[in-house]
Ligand SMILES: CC(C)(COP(=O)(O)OP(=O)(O)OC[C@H]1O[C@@H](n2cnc3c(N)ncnc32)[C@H](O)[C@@H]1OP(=O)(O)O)[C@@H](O)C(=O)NCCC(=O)NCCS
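Next comes just one chain, in structure tokens: the form predicted alone.
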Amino acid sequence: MGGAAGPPMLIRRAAAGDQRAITAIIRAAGINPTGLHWQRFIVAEAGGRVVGTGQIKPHGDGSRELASLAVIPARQGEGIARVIICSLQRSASPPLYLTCAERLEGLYGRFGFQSLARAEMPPDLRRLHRIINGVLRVLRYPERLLVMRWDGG
């Protein structure tokens, strides 16, 4: 669970000076560290420090993914991720996709995201889904990657 609430939070567009913090937060969270261009990010800032991140990541097939959602451990459980998700949804027209571990399906479902069958996935995310789940199967990892879509509303 999260710690006690810290300083007040501001959600804002990322600036060039935030690149190092964005990269550090994403790497610490153990999520995909590719495509971390600060220009696509919004950040949660508290006490002059970036405490959370998220972006809309474009793919070559024209799809857009809500990605790189992470909050520093000391501020988890305070609703920062919820605010980032809602801010990104307000700034994007549907459809918006995301990839996540299957255990997070219920969390993202609360924001209107629905799991997709392979045939419903955009080509780039279908390819990612196939590769990652193939690796997870070989490693006998018990969880799978999901691709989800938000259609607005």
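Treat the numbers as computed from the prediction; the structure is a model and nothing was measured. In case it trips you up, residue 1 is the first one in the sequence shown, and so on.
There is also a form predicted in complex with this ligand; it is not shown, and the following applies to it.
Figure note: of the listed segments 38 to 46, 24 to 32, 87 to 95, 112 to 120, the one touching this ligand in the predicted complex, with heavy atoms no more than 4.5 Å away, is 24 to 32. At the 4.5 Å threshold, heavy atoms of residue 69 reach this ligand in the predicted complex. Residue contact with this ligand in the predicted complex: residue 104 places a heavy atom within 4.5 Å of it. Taking the partner from the other structure, this ligand in the predicted complex has a heavy atom within 4.5 Å of a heavy atom of residue 100.
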